[in-house]
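First, one chain by itself: the form predicted on its own, in structure tokens.
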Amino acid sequence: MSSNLDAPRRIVILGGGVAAFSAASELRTRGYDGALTLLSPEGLPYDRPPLSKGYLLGTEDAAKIALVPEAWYAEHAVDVLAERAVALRPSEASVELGDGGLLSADRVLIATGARPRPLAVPGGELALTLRDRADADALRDALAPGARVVVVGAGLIGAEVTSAAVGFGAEVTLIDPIDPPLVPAVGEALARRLHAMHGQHGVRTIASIPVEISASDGGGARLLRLADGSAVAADAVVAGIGIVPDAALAAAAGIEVDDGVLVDASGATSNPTVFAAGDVSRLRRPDGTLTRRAEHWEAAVRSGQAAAAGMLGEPPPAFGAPWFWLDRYGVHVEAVGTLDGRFGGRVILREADGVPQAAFLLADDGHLLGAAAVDLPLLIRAARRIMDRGLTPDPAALADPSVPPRKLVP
């Protein structure tokens, strides 16, 4: 890329997800008026969370999940090319396209996202995955009423696919080695409540791992063998076991990669003209420690905004506590911060009639480290304000379901 690090005039963004779009939008908001090209192989950027929710269920179409109307790109002078970069050429200030052509760039933002983690067992390639619209379309076709569907992985995607499959009238088996999943994300009490919902909706849950998938009749039927020696027959197998960052372009260009493209808080990589954001990136703190990759929607938005600032030589914005949400069986779950108690703290539960509604993790000094709640978004909003302000809430008030969220903020 160009050696002029102060005044980029040609920025190329690789990717078509929310991190890529957020970076483009933030660049224009910050007054960048140079050329801005977005290489998005699938065309106009769209939102990914609906792929396991409304889009999969058929209640939202492709137009509905577009991040902005098509006119926005012309209004903001953002060129969207439905092409894929095949190489970064930092020394030539360019990006190579699939047809061998070169696209000039002072700065490049890698926002290529991630690929579904493959099911690494014999026959694992027979499992469906969910990452883009085409995946969701294929999966919807498989979730027919009465179809035997096996979902491997009970995390965020696996659980939402399971819920959708139940909605279609499929006969679902959910397999995960951890019982219950999602404890670090929502705490054990809520994790148990959420996992139990599968059984309440007729889903068979199995705590095990698959060791082989085979085509049992030479056609579409599958036989999934498990580690305990049992087997489950299926018409479709879905793997929802996480993602792998799509960092091949960065690695090939000699940019530091370690389970993601390594970046600082402004998205800068080991090459000063190349930045990264979204699921493909991994933060390296100033002391050199590497954080766990954040794979949530808001984290992608924030990293895109931070990288936009970084590409312009400006400090990244200050962000508050991280937040995410999930949906299943008609309930809405939100969480902020962390509920991972492995590093200390104590959990405060808010229950109603013996059913956990929310969980809070308090540090030893009384500060709030995280919160999660079912169908209580205002409670999470209050928890986020408490965390962002560094306040110490009253534990008794947190636990009392009669205390409204607005009364929790000191």
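If you're wondering where the values come from, they're calculated on a predicted model, not measured in any experiment. The first residue of the sequence shown is number 1, and the count goes up from there.
Another form exists, predicted in complex with a small molecule; not displayed. Remarks below refer to it.
Checked against the small molecule in the predicted complex, the residues 297, 329, 72, 168 give one hit for a heavy atom within 4.5 Å, which is 297. At the 4.5 Å threshold, heavy atoms of residue 49 reach the small molecule in the predicted complex. At a distance threshold of 4.5 angstroms between non-hydrogen atoms, residue 89 is out of contact with the small molecule in the predicted complex.
A residue is said to contact a partner when one of its heavy atoms sits within 4.5 Å of a partner heavy atom; residue 366 fails this definition for the small molecule in the predicted complex, lying far away.
The closest heavy atom approach of residue 250 to the small molecule in the predicted complex falls outside 4.5 Å. Each of 14, 84 and 324 places at least one heavy atom within 4.5 Å of the small molecule in the predicted complex. Residues within 4.5 angstroms of the small molecule in the predicted complex, judged by any non-hydrogen atom, belong to 276 to 284 and to none of the other stretches in 233 to 241, 118 to 126, 276 to 284, 307 to 315.
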